[in-house]
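Okay, so here's just one chain, in structure tokens, the form predicted alone.
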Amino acid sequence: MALAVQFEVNGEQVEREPGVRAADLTAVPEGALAVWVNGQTLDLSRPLMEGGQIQFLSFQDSAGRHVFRHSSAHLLAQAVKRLWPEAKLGTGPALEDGFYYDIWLPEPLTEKDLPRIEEMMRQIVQENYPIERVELSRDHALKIFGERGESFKEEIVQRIPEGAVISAYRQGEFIDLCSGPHLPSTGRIGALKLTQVSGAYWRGDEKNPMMTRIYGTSFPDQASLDQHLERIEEAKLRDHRKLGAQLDLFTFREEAPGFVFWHPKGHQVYRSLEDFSRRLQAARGYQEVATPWIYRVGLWERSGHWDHYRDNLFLIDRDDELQGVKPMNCPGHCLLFKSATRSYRDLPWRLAEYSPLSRYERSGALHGLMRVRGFHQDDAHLFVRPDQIREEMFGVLDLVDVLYRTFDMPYEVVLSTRPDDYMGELALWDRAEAELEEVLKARGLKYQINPKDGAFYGPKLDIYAVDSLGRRWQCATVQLDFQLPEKFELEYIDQDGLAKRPVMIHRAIMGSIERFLGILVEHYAGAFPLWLAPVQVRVLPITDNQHDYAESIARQLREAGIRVEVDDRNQKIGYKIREAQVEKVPEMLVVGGRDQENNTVSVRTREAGDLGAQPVADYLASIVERARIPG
């Protein structure tokens, strides 16, 4: 008889033999899609060989949504194979809001084919096939997919190391090579929609065959799908690339792909974000530094980025010496730490930097401000003693909370664990992951685990901000790193007089400032809050007779630090007001003859409309207070 193992279910300890299913431990909650145990998401029917904490995952959990959408991708592939038996399957991952599948066909599909595929997918949902995991030997996997003519699957099997577990999932007549997990049955997919068709080279290599990539999304019910499709239409209206040009914020040009041309108004918003970040950090003991933009390749080899990040480096080969433009600041901050002897009294040492960074992205992946080649981060590295980890992590999470509450954006936390290409000793990784979990539990934060998605030098917390359309954006990241201090032989002198190794906390709260600004454009639909708006006030003289009075008001506002414009065009006042509304100006001051006589301004706001006349002094005092940068 096998030794029993311990499970924690709903806060209670349960003892069972290895191989028990989660469903046999306790009643499965309604809406459960998969189960999480020991940092791994598994099928509900998967035998549990080791004990641990059991958590059932629903569509409300990011990991549960991933399972739902990945099963939807298999559903798509099965439908295509029924309709076009000669199709050859590539891969079909889940996405944040949907899924896609890359499929080779003799003739590429078009969007006219999508309704036909959708109908077949719904039929398979109605047939409600059980989705069953099977484990295969290498030879058996090659035989199954070879007999089916699935040459791309054969190629994947050939790449799997000898002795590794090979799994596939079967639903009805369909079988697909996959590590899972998946839903219990096809009938769990309540509502679906195929959204577009495009082309993609197999494995992203232009030397390989062109695949047809079919995108879709799915939800447990039709009402949720309808809401999602409405949000998509609203998102099109809020597209930051479109609004960026309309509001004169930024543009992109083919002469510099992946880099941003900031217009005066856009750069003002950018600077306001930086100023906001600087205020928050200065109040929390961060010191700002600047480090070189380009380093000899030897630094990237020492840090480990050469082996793990080489393809993303912009390299410069001059005078027979290879150098790389920095994609991140951490190696430079390690060199700063080594520039002097550090005492335990110097720690924590919190360094912040806003220098330009560059990462190579394929041209097809570039997407406005959301994916660029040149960017800046509100980047920081904290060098701490081991006994300071919890307190400093608490401080970082406090900073996350303040920033996202300022923008009225709820957020979710995901713990990303050791990747396959990790650097360093396993024991240090286990320690770092345990430290992060303890911090999250001590803070009382609900979190999901994303296995194998940590940085190569340490586990991380990814913060997903939720915008006004309900979309999740991965912005902030916090990484606990025991590896780079080892690589760079960083030391401080402890109170016992011995040299000790510090721990590094890598953190960016907004992340890429360019990307965060793009998210905010869409979050606010271009209507920034007063403190962030590029033009905070526009003065609108009714006639030319009020021109000098309007200019005198604008001068007083500028002297008080308010960003102001005067619209002195020879246009009717109604036209000027409409133009200001279209340009998302937060406040308008209409000034006519009576205002000039009484030294008042007639105040209008973007949201509330006409607020009536106010003395200039009163308005000036009010807006200076209301336009103050938070923090």
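Start at 1 and count along the sequence shown; that's the residue number. All values reported here derive from a predicted model rather than from experimental measurement.
Keep in mind that the form predicted together with the RNA is missing from the display, and what follows is about it.
Across the proposed site, His267, Pro529 and Arg628 without exception lack any heavy atom within 4.5 Å of the RNA in the predicted complex. None of Asp317, Glu86, Asp421, Asp544 but one reaches within 4.5 angstroms of the RNA in the predicted complex through a heavy atom, and that residue is Asp544. Of the listed positions (Leu322, Met210, Leu225, Val466), a single one reaches within 4.5 angstroms of the RNA by any non-hydrogen atom in the predicted complex, namely Met210. With the partner omitted here, the stretch from 368-376, 149-157, 73-81, 135-143 that lies within 4.5 Å of the RNA by heavy atoms in the predicted complex is 368-376. Contact annotation: Ser363 falls within 4.5 Å of the RNA in the predicted complex, judged by heavy atom distances. Contact check for Ser198: a heavy atom falls within 4.5 Å of the RNA in the predicted complex.
Contact annotation: Ile573 falls within 4.5 Å of the RNA in the predicted complex, judged by heavy atom distances. Put simply, Ser512 is close to the RNA in the predicted complex: some heavy atom of it is within 4.5 Å. For the partner-free chain shown, Glu254, Pro257, Gly258 of 246-281 come within 4.5 angstroms of the RNA in the predicted complex, judged by any non-hydrogen atom.
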